[in-house]
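To begin, one chain is listed below as structure tokens, in the form predicted alone.
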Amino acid sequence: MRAHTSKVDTGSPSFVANRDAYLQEIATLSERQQWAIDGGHNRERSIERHLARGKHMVRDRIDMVIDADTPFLELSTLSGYGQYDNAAPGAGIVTGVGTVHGVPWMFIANDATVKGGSLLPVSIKKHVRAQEIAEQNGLGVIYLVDSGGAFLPLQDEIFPDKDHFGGSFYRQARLSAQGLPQLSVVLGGCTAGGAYVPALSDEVIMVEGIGRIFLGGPPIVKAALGEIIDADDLGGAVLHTMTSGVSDYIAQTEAEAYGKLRELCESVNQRRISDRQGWLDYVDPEPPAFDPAEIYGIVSADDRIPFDVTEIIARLVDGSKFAEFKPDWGSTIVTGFARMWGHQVGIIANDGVIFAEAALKATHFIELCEQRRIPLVFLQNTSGYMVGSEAEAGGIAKHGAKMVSAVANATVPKYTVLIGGAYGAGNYGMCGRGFNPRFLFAWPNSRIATMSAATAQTVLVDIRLAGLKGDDTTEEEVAAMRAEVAEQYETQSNPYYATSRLWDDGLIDPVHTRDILGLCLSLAARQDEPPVGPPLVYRM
């Protein structure tokens, strides 16, 4: 592969201005992530009570389990941000991938300092998404349970539907049946539906004095049966380990429990992260020739001004080497082969609005990667597919549909990063959330919506005006309509609005993109080759 020759002038005024603006984005991201970790609405007293009971904070618990000096890929740190009166940082649950004895595991851990670990609708969504990632990547799941169960005031948004709390039980049972271990450590309450998380696990450890499991707690038992009973006597570690058999092991402290958990992980017969099976081509990795931090100065501070996506690619891939496919045709999509942390990938990146020829090029390239069993990485920054009479006459709808169909039917692992705008059907064609990429991350400058705020205020206001009778609408009223629409779209396309609702798997610093994708690729490398689907025949 040929090494990229960069045209970026890191001393230019535009580069410096872009970099300074992006560093402000990163400062905001870091501040909000820190808020999710150790701050939040009225959490100080909750944290004090939690620690006074001899308990550890949720991320400290994970650190006590995973191998020393290994990364933990936390997912959706800012889920719940801006929702529920900002009283549910992280949605009260921490999920992510870490290694134990070299084997990658999905962790699902309750944060009891957030509403007592009660599960909100977004908490359930985050829990289920973690299980989905575990299934796609062949990961066992470790549950660190410390939860008050479902948040009952919102029970209609938690209990009855397909992807509500029952869906997490369904997935847990299915994961176990697929040979993906389900291990639980009970560190607090497991009440009502929450009791089924450990009950459905393959092996369970309970910590004496703090771990409890019961379908109905003491208040419910008193109301239903008139029986007055202590919580430990009703569902404590001694009862469930020595009498009921719900638990398999008892530990006196959290530290002892995590030692036992690591012991259990040694016997699960799962592939280590280093056990590459050979279907993903791999060579020793090399760092990019250009500093990834230069991305800050390449991304335009004004999202109306485009930036050269090949310069982004050069700061993500091994040796900054990129073998571009069809470089002289369909230039608003860049396609080509590269390596990330030694793994070969096919990259599809936007360099503007998607014209018909760009859609056809992307479709052809997807076919090649499917045929050669090469994972796909999508870098999204597009306003969507081209519109207008010329584009329609040129068949943009059909050519865009070919690209969308190719993405939907590709069986190789797919990974998506929103590096700019992700608007309209372009988001679908570039493997948005609805097209089931294994992971989808977003940069803090990204935007996602049916259209940009500037476009929306023109389109929607014109539609409203056309529906009004008469022509007596004043300029002030039109301006107010435009402001209302612009505010709605600015709010709803904001990356923090999106990540709060799990439209992505987390907002990430662009500098970390290469390392994060490398971790994700290493998960696929330890799996068997995914089954090949029917041939894709869309390129002609």
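Source: prediction; values computed, not measured. The first residue of the shown sequence is 1; numbering continues from there.
Keep in mind that the form predicted together with a small molecule is not shown, yet the notes after this line are about it.
Looking at the small molecule in the predicted complex, residues 98, 102 and 138 place no heavy atom within 4.5 Å of it. By the criterion of a heavy atom within 4.5 Å, residue 192 is counted among the residues contacting the small molecule in the predicted complex.
By the criterion of a heavy atom within 4.5 Å, residue 452 is excluded from the residues contacting the small molecule in the predicted complex. Interface residue remark: residue 299 is not counted as part of the site for the small molecule in the predicted complex, having no heavy atom within 4.5 Å. The closest heavy atom approach of residue 338 to the small molecule in the predicted complex falls outside 4.5 Å.
Residues of just one listed stretch (421-429, 76-84, 386-394, 112-120) have heavy atoms within 4.5 Å of the small molecule in the predicted complex: 112-120. Only one of 153, 160, 245, 434 lies close to the small molecule in the predicted complex, with a heavy atom inside 4.5 Å, and it is 153. 148 is the sole member of 148, 236, 181, 346 with a non-hydrogen atom within 4.5 Å of the small molecule in the predicted complex.
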